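Let's start with one chain on its own, the form predicted on its own, as structure tokens.
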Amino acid sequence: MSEIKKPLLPEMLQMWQKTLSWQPDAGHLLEFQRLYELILEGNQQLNLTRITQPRDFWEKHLWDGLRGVSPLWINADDWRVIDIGTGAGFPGLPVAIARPDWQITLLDSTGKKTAFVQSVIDKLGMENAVTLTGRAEEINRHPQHRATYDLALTRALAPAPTCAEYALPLLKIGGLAVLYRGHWTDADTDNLSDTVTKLGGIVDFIERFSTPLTKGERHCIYLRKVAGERVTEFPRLVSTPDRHPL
């Protein structure tokens, strides 16, 4: 019996360079391909993602995930990063592959998902990534996590004010949170700014861009933590940030 041919991701080397000013090397490409194969395998039991076609996976999981952190790559060596609500490992796993000098914690409240992500980490032999099972509200109260991260990532997790409440207390002073969003307006920025101020942060900058293949609208909102003493009461108790955003 012949072996079933595995779908191959497109390399897109010129597209990487044109859009992110970065190009994966042969090792990155091998790890991206293996990650794709492991997601397809896991999808058969866990329904991890509906994005399974090679070009869609490249654009919506790999490129989109790295687009959010690419403006921060310069002078960002040895960062400690947390991916809040990682699900099947996005954007944390692609970021960990692209930046082996960053230490990535992949947080999710669902044990089955973190167990799967840990299996991917083990199979890829990744030494810069670990999983953590729990809710952001609870993890924020652990001294080994609160105010210890340089970068927090949240994608497709919750409304923006809720994401801010999860992320900012985890950051060091000067740290950044990246909120991956689709449509975004000036009114959204105004509403978020009030929340971020309460959390000891500022809206540092916003990037609007289109995905390179399907031309979908995307925004990344970058929040910077500027004050530690103002966030001692946040995040609030479990489920409160989600049900009652600031």
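Keep in mind it's a predicted model, so treat the numbers as computed, not measured. So that there is no doubt, residue numbering starts at 1 and follows the sequence shown.
Separately, the form predicted in complex with ligand SAH exists; it is not shown, and the next lines address it.
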query	finding
Contact at 87, 113 and 156 by ligand SAH in the predicted bound form, all three, heavy atom at most 4.5 Å	yes
Contact of residue 71 with ligand SAH in the predicted bound form (heavy atom, 4.5 Å)	no
Partner contact for residue 136 in the predicted bound form: ligand SAH, 4.5 angstroms, heavy atom	yes
Residue 166 within 4.5 Å of ligand SAH in the predicted bound form, heavy atoms	yes
Heavy atom of residue 109 within 4.5 Å of ligand SAH in the predicted bound form	yes
Heavy atom contact within 4.5 Å of ligand SAH in the predicted bound form, the stretch among 148 to 156, 98 to 106, 122 to 130, 71 to 79	148 to 156
